[in-house]
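In the form predicted on its own, a lone chain appears below as structure tokens.
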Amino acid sequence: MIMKPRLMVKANLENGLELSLEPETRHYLIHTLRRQKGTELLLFNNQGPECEWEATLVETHPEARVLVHRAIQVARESTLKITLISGLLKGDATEWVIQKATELGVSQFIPLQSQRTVARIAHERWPNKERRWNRIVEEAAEQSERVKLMDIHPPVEWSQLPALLPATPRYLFWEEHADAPARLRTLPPPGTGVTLLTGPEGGFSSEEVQQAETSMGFKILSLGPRILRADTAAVAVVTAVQTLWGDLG
């Protein structure tokens, strides 16, 4: 059985609508997947209730045009609304975290520039970076069969963080705790949402951790006896809360 391609489109969808795909999407469908006229597709547009739309590719040149048939109700979004705040990471590590967070059902991603952050995104570079990150989210949503896209917030400094925090239980994961901090599995379910905070390659400073605990309402937690890479830690905490309280496993 050949899987139907799933495509993100930026258009209002309705039965009987015929629309042209964007050039990048056309190239992916026609030249990468080598699909021809008559191919059945699934579309989603990050709008309204959770659904995807059956469609057919009716033209391939000079444009790729599709005919929308009907909506199918689905239930793919996580039952737990997760905000992931992750320290900016070097190289393409942040992009990997964004991809995996999307696949795991995270609702919102906030990149953080803290004291020990090595990677920085200059203001003038952000529009290009935003476009690239949003495309990564779209591709990950297409692959993982999500119909809603993870929201990406522009990079924030530590001082800007309090104003952005959702009104949910907040957990910061820190590897330098002198005592034996609590573990996720010992906590009660957080309800409908949770905020997770993980650090950059150098971790958080003790001053940042203290401020997060006393001024921002974060509970300090441990991921266990091993020290994880920063990108691994971000994905591990999402996986853990989805397994404990969400819809994973």
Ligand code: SAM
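If you're wondering where the values come from, they're calculated on a predicted model, not measured in any experiment. One rule holds for the numbers: they count along the sequence shown, beginning at 1.
This protein has a second form, the form predicted together with the ligand, left out of what is shown; the following refers to that one.
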remark   = From Leu13, Ala240, Ala230, Leu21: within 4.5 Å of the ligand in the model of the complex by heavy atoms is Ala230
remark   = Answer key: of Trp174, Trp133, Trp158, Phe109, within 4.5 Å of the ligand in the model of the complex (heavy atoms) is Trp174
Contact segment among 138-146, 99-107, 166-174, 125-133, judged by heavy atoms lying within 4.5 Å of the ligand in the model of the complex = 166-174
message = With the partner left out here, check for me: in the model of the complex, does some heavy atom of Phe44 sit within 4.5 Å of the ligand?
response = no
message = Can you tell me if Pro190 lies within 4.5 angstroms of the ligand in the model of the complex, counting non-hydrogen atoms only?
response = no
message = With the partner left out here, check for me: in the model of the complex, does some heavy atom of Gln210 sit within 4.5 Å of the ligand?
response = no
ask   = Can Glu54 be called a contact residue for the ligand in the model of the complex at 4.5 Å between heavy atoms?
value = no
query = Which residues from 150-167 come close to the ligand in the model of the complex, meaning a heavy atom within 4.5 Å?
reply = none
